[in-house]
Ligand SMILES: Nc1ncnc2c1ncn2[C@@H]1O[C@H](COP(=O)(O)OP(=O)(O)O)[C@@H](O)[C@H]1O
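The chain below stands alone, shown as structure tokens; this is the form predicted on its own.
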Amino acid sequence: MPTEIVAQLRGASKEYKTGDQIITALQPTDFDLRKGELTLIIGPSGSGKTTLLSLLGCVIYPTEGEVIIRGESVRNLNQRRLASLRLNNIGFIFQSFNLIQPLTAEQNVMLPLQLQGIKKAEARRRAHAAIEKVGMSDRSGQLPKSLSGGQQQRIAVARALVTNPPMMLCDEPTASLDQHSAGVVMNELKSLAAQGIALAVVTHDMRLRPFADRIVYVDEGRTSDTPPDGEFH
């Protein structure tokens, strides 16, 4: 049976105007993000891969074309409705972890649930389950500064996971990590995809290719399932 499509781009492009100059960050693109797949989005700096991820994450609107999340086009949604869609459907993981330093690991993971209006006791229960899933239960009471880079990123994975989103978007999640920690985090993400989450991981790190179910290459604003000649080898 066909795999469920969670997010789609249909002819979506993004342009920015700087003075009299128009810069095309992403050419018109068709893209499907499917449930149960880890999709690796690979490209050099400035290629358009982060723009692609930002469109999928409803952080920016397309200049042309459509972004469709779970069957709903986002083109005519206002900022409040768009924020609600992100909160309830998308988990984000960043290169710099983006943990809130004065909060413990547990409190960081609870935060998205509290934004959803979940009562504290239930938010704590769900946070414990998410932290346990990434193997960090013994660190739940610690502040981010007392955790290694790999441990912080695993807490960030738990925070993205705690709302049970159908999709997770990861922007260079291993760039700040050594090879061992990067492998641990990617194995966690691979496990989440196997449980049915649609995962997109933006990277320029060729070492991550073995973890992918699908690889999309981005170069000069264009996407392809095959690498440009002479590159990405």
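Residue numbers run from 1 along the displayed sequence. Because the structure is predicted, anything quoted here is derived from the model rather than measured.
What comes next is about the form predicted in complex with the named molecule, which does not appear here.
Among residues of the shown chain, Gly196 is not one whose heavy atoms approach the named molecule to within 4.5 Å in the predicted bound form. The closest heavy atom approach of Thr63 to the named molecule in the predicted bound form falls outside 4.5 Å.
Using a 4.5 angstroms threshold between heavy atoms, Thr50 counts as touching the named molecule in the predicted bound form. Though the partner is left out of this view, Ala212 does not reach within 4.5 Å of the named molecule in the predicted bound form, counting heavy atoms only. Only one of 32 to 40, 178 to 186, 50 to 58, 64 to 72 lies within 4.5 Å of the named molecule in the predicted bound form by heavy atoms, and it is 50 to 58.
Contacts of stretch 14 to 46 with the named molecule in the predicted bound form, defined by any heavy atom lying within 4.5 Å, are made by Tyr16, Thr18, Ile23, Ala25, Pro44, Ser45, Gly46, listed in sequence order.
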